[in-house]
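This document opens with one chain alone, in structure tokens, the form predicted on its own.
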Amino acid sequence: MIANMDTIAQQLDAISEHYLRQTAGELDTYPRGVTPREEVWRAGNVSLLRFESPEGVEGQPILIVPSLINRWYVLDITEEVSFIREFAQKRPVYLIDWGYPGAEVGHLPLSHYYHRSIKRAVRFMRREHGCEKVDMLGYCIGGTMAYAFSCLEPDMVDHLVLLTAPIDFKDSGIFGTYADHFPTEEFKQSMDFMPGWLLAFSFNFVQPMGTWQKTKMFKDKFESKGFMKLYNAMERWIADPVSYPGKAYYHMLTELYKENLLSQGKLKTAEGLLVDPAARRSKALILNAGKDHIAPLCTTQLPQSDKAPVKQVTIPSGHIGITTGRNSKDASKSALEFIMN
């Protein structure tokens, strides 16, 4: 059964690649991430990237923590639409690339990512720049993990931007319903990872008319070079799915979605360390999206026990649109102004 599913996935990938090549034209080889970068360390699937900044740019470095579900370069999708490009003009910028995990990391808990991996990146940045703290932006579940890290290591984080990051999973909408009905125990016993292609395919059921709307938009705007550039870059990103490590996926569904342990101050790492919201001391910006169906506004609110400074900016866009849509410039500007002040 799994072999047949893999064959279907490969066929879908081939169709998607063929479609991209037919529509992309000169954009066929458009890069995955446009800001020049270098890999400064690697541990298995996980690596730390440093992005190129203009000469003379210095100051407290920024660490970007992307989602585990999708590839990071949605935050660096084109030269005109890029959080990373904007940030790198003002500060040294790093990003954790989660890579393409498979069965070899299926045993690793979610806390391996939100504590050990992030801590290793922060330690490297502190050594490189001689600083005690770093600034941090986390996107989607990456924001959830960045928040958890700021509670575990309050002395390491100065400014924290939570970009459409679910923290309170009590009323998490359709994805909460998905988690409630997902056979988590059977998954735990039988699979080392959640296949990326299956995750990507399931997102189509969340917004069944999304493909039709996207096709209509393509028909209406395909003569615009600016639209075609962003469209093909986005399609390349969509066609680049990432598998989710098995144990970490199980923990996300049970500990976050089903049990809502983070918001209640009851979440613990695999080593038994309490992720206590009351311990956070960083200055935080909740940067959420008013039309977000993945992280509804109510899920982005911080726990009552969290008394550290926090402000909120709501952008009139969706979960992906806040990074790539017409209001993405406003979102990146709000994040950068918060970090710089």
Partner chain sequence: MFNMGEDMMKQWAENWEKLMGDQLEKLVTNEKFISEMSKSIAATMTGKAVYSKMLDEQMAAMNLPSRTDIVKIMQKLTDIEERLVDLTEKFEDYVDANENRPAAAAAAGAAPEAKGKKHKK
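What you are looking at is a predicted structure, and each value in this text was computed from that prediction instead of being measured. Numbering follows the first chain given and starts at 1.
Note that the form predicted together with the partner chain isn't included here; everything after this is about it.
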Contact segment among 84-92, 188-196, 159-167, 69-77, judged by heavy atoms lying within 4.5 Å of the partner chain in the predicted bound form: 188-196
- prompt: Does each of Asp171, Met228 and Lys258 have at least one heavy atom within 4.5 Å of the partner chain in the predicted bound form?
  reply: no
- request: Give a yes or no for Phe222: in the predicted bound form, does one of its heavy atoms lie within 4.5 Å of a heavy atom belonging to the partner chain?
  value: no
message: If we define contact as a non-hydrogen atom of the residue within 4.5 angstroms of the partner, is Gly272 a contact of the partner chain in the predicted bound form?
response: yes
message: Residue-level contact is defined here as any heavy atom of the residue lying within 4.5 Å of the partner chain in the predicted bound form; does Gln213 satisfy this criterion?
response: yes
message: Please determine whether Tyr250 contacts the partner chain in the predicted bound form, using a 4.5 Å cut-off between heavy atoms.
response: no
- prompt: Which listed residue (Phe218, Tyr178, Tyr100, Phe203) meets the criterion of a heavy atom within 4.5 Å of the partner chain in the predicted bound form?
  reply: Tyr178
- prompt: Going by heavy atoms, what in 120-144 lies within 4.5 angstroms of the partner chain in the predicted bound form?
  reply: Arg120, Arg123, Arg126, Arg127, Gly130, Cys131, Glu132
